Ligand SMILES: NC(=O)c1ccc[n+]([C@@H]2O[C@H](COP(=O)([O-])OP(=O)(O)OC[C@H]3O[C@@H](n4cnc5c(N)ncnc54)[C@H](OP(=O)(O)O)[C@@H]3O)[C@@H](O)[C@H]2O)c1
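The form predicted alone is given below as one chain in structure tokens.
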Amino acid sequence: MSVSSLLRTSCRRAFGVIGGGRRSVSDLLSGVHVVPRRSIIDLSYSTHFMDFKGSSIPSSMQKLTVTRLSQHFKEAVCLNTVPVPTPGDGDLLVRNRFVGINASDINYSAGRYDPSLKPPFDCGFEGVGEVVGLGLSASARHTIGETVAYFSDGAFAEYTVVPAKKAMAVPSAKPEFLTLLVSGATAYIALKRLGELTEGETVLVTAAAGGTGQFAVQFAKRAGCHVVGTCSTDEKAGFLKSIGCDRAVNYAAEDLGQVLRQEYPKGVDVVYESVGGGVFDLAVNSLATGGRLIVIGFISGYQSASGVATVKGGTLPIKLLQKSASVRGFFLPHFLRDYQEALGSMMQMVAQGTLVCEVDCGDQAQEGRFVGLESVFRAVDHLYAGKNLGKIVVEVAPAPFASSKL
């Protein structure tokens, strides 16, 4: 008998049709336990993929959470143990290798950016690490084991769920890539959109040896400008000269106002300003005719109750009018339409070896390298003590021993 004949006979026997007899459906099902129908594909796993074996994903993790609003980071933030989250359809689950420290971390913990946000909430703006889980839609552009850098809330954690659209694939989990996400992008976009740099102009960068200042110096030089950078030590001054700064001013040893008056009597054309207070006032007084002052921050006031350092605002209108000058504010989330172009351009510079991304991992700090989430507190103190050279980065976890295999 052929295979097809055997199949037809088996089917007829199953339904009681041999010899022309026919049994009712109720007779056939009598005494039989009916198993609920199920799909061949288990759809319960179709919305996300988690590489538990290759990545050794634990059931719980540590993360930093803002539990009360305060400009004092240690008072506002606690280290908690929570379940590892599962990514949604358009999300990635990233195991963080490095996270970045920003002066504005304490503005976020103080609730200054979004007054409607109430504790508890996650903190940290940027990270780089490996994708260990992802949603179905996210899998169209990313894969398990891929290394990504991202600019998204909740980075101060061992694992972070990140919208795929906010992540960028990078060659490796090096902290240098992390420096581009906030610090580099701020300098690139602010100078391009608001600085309107012209070759031969003079640009003053305050806190020039810091996370974003280092990039402002380099982008201004690429535009053909003469760059003046402020810093607090001779070591930092040497670093600034190494990245192209024409005049590094160590304000601990020199009077910045006197330097500007004597060496730049016609004023400066553009100021990239992040300090605030008296430095802001000095920068306004030093503007040339048609000068542009870009406010990207005012760190000198962040640790105060108001978050703002006092400036001589009463005389500002007349000073700007007399010089046809302007003060322009820059907040990165308002310029996200320029973000991808900025990252792409900077990544190309890094690949070509034409962009320095200085990282401070705390190797010279008194208690040593910033390793583990608990060292985020030390890293924030390191920044506000003005001890950093370059972008402060915390190593959350060491490199994995085995590659992901899904």
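This structure is a prediction, so every number in the text was calculated from the model and none was measured. Heads up: residue numbers just count along the shown sequence, starting at 1.
There is also a form predicted together with this ligand; it is not shown, and the following applies to it.
Under a 4.5 angstroms heavy atom criterion, identify the one residue in Ala110, Cys123, Val284, Ile296 near this ligand in the model of the complex.
If I apply the 4.5 Å criterion carefully, the residue I get is Ile296.
With this ligand left out of view, which of Gln218, Thr212, Thr202, Thr160 would have a heavy atom within 4.5 Å of it in the model of the complex?
By the 4.5 Å heavy-atom cutoff, the listed residue in contact is Thr212.
Can you tell me if Val396 lies within 4.5 angstroms of this ligand in the model of the complex, counting non-hydrogen atoms only?
Output for Val396 is no: heavy atoms all beyond 4.5 Å of this ligand.
Is there a non-hydrogen atom of Arg292 within 4.5 angstroms of a non-hydrogen atom of this ligand in the model of the complex?
No - in the model of the complex, heavy atoms of Arg292 and this ligand never come within 4.5 Å of each other.
I'd like to know if Gln71 sits close to this ligand in the model of the complex, meaning any non-hydrogen atom pair within 4.5 angstroms.
Gln71: no contact with this ligand in the model of the complex.
Would you please decide whether Phe330 lies within 4.5 angstroms of this ligand in the model of the complex, comparing each non-hydrogen atom pair?
Judged by the heavy-atom cut-off of 4.5 Å, Phe330 is in contact with this ligand in the model of the complex.
Quick one: Arg95, Gly127 and Val148 and this ligand in the model of the complex, is every residue within 4.5 Å by at least one heavy atom?
Not a single listed residue reaches this ligand in the model of the complex, so no.
Would you point out which of 72-80, 260-268, 227-235, 139-147 contains residues with a non-hydrogen atom within 4.5 Å of this ligand in the model of the complex?
Of the stretches listed, the one contacting the partner is 227-235.
Using a 4.5 Å cut-off on heavy atoms, which residues of 273-289 contact this ligand in the model of the complex?
Heavy-atom contacts within 4.5 Å come from Ser274, Val275.
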